[in-house]
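Take a look at this single chain in structure tokens; it is the form predicted alone.
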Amino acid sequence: MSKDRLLVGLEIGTFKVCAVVAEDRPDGSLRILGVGESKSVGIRKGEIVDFNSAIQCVRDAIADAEEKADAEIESVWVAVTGAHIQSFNNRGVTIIPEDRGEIDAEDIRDVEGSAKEVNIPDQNWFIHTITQHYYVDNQEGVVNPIGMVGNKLEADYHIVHGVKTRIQNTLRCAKEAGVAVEEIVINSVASAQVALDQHQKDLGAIVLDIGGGTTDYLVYIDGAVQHSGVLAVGGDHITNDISIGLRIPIARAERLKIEEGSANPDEASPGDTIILKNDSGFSGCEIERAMLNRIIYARVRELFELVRKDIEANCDLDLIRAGIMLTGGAARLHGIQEVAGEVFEQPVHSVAAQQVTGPTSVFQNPQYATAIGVVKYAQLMQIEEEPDSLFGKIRNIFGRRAKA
């Protein structure tokens, strides 16, 4: 197989490091060849806190992926997250020279540069500049302005930025593990590539990726990315609350959450108990299922309320007509959809990766959505360039549709 047809997505998460190897097939489809994993060490809230330990985790995940895919990995596309990542919307403007009049690719770069002429913290980097809408001489509904005649080009953008050193640590970690980095993409943008189709983007949808240490979210309205954010709350907060509330070790709390827990507080019958057997360093105990579920419900509801508050401050929730798409490892928690529906007052769907083939155990598991989304993003970014390829990439990746 040609190396040019191999794409690798790397997610350095709080609970696991995951590398997905996929084949970009001639018919445009994406087939997963193998998934490598290692347990995360030295990573907290999606950010590196112990560099050497994190490097080893990446090495292990890459080696596992190489073995399962029977392929050599030379470069990766990397997902990034962290509470330091911020976003805003801004408009750029450029004047078309009178002696030319016709808009070209250089004008597109100029209008994007104009939108980025804003004050962000000195320690931050621009990560994404996502096109929302174009205007030529105040004309709305422009999808591709290249070749049009006009005096003024304007464009609205969703701009994402984050702390440079934290991003650099993620990039250095991958490089020290022996692989080159092609590009980075924030978790929510990656997950959206496989969690949403174009119709859902046009209707308006929210992608909520709940991982081990963070919750990443992306809002589409009228086919364009309107808002994104990262909340430093994830599945580990639920586990911690269980550990404290029931006075049991973290490891037992995590197993209890996955195997017995529910975010539905009314699901337990009166007197229903769970017996935790003796274990190394743990003498065992009996707990009330209702108490377990109440603890989970309280933390899950708080998480969704925090996300809703931020989204409402930036978007009109009445324009979300396709609902909420839940993905990420914590989206498997029993009863979590019902709590999301209660808080957002929207239809809620638990989704895994779409538009890919391969082992169903991989692409149907929401915990792999981000890593698979990274390779989907990579595939779309590597579309063979054409005269209007800049706009082809923008449309394919972000589903941008100018307002009519």
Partner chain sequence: MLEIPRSLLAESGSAPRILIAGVGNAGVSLVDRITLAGFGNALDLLAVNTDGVSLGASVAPRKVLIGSKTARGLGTGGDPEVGAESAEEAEAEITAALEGAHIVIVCAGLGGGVGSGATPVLVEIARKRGALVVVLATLPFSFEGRRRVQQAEAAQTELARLADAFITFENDRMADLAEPLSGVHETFAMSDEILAGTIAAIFRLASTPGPIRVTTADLLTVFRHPGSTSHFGFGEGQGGNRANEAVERALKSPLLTRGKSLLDARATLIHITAPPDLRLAEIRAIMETVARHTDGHLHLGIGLDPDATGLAVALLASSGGAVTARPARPAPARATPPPAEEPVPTFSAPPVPSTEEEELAPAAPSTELFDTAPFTVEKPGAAKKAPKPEQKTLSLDPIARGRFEKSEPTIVGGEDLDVPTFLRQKIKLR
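Residue numbers count along the first chain shown, from 1. What you are looking at is a predicted structure, and each value in this text was computed from that prediction instead of being measured.
Another form, the form predicted in complex with its partner chain, is not on view; read the next lines as being about it.
Only one of the listed residues (78, 295, 322, 196) places a non-hydrogen atom within 4.5 angstroms of its partner chain in the predicted complex, and that residue is 295. For the residues 308, 166, 128, 252, the 4.5 Å heavy atom test against its partner chain in the predicted complex is passed only by 166. Partner proximity in the predicted complex, defined as non-hydrogen atoms within 4.5 angstroms of its partner chain, places exactly one of 297 to 305, 314 to 322, 137 to 145, 93 to 101 at the interface: 297 to 305. Contact annotation: residue 231 falls within 4.5 Å of its partner chain in the predicted complex, judged by heavy atom distances.
In the predicted complex, its partner chain lies farther than 4.5 Å from every heavy atom of residue 68. When contacts are judged by a 4.5 Å heavy atom cut-off, residue 31 does not count as touching its partner chain in the predicted complex. Among heavy atoms of residue 274, none comes within 4.5 Å of its partner chain in the predicted complex. By the 4.5 Å heavy atom rule, the three marked residues 116, 132 and 223 all fail to count as contacting its partner chain in the predicted complex. If you take 229 to 256 and check each residue for a heavy atom within 4.5 Å of its partner chain in the predicted complex, you get 231, 232, 233, 236, 237, 240, 241, 244, 245, 250, in sequence order.
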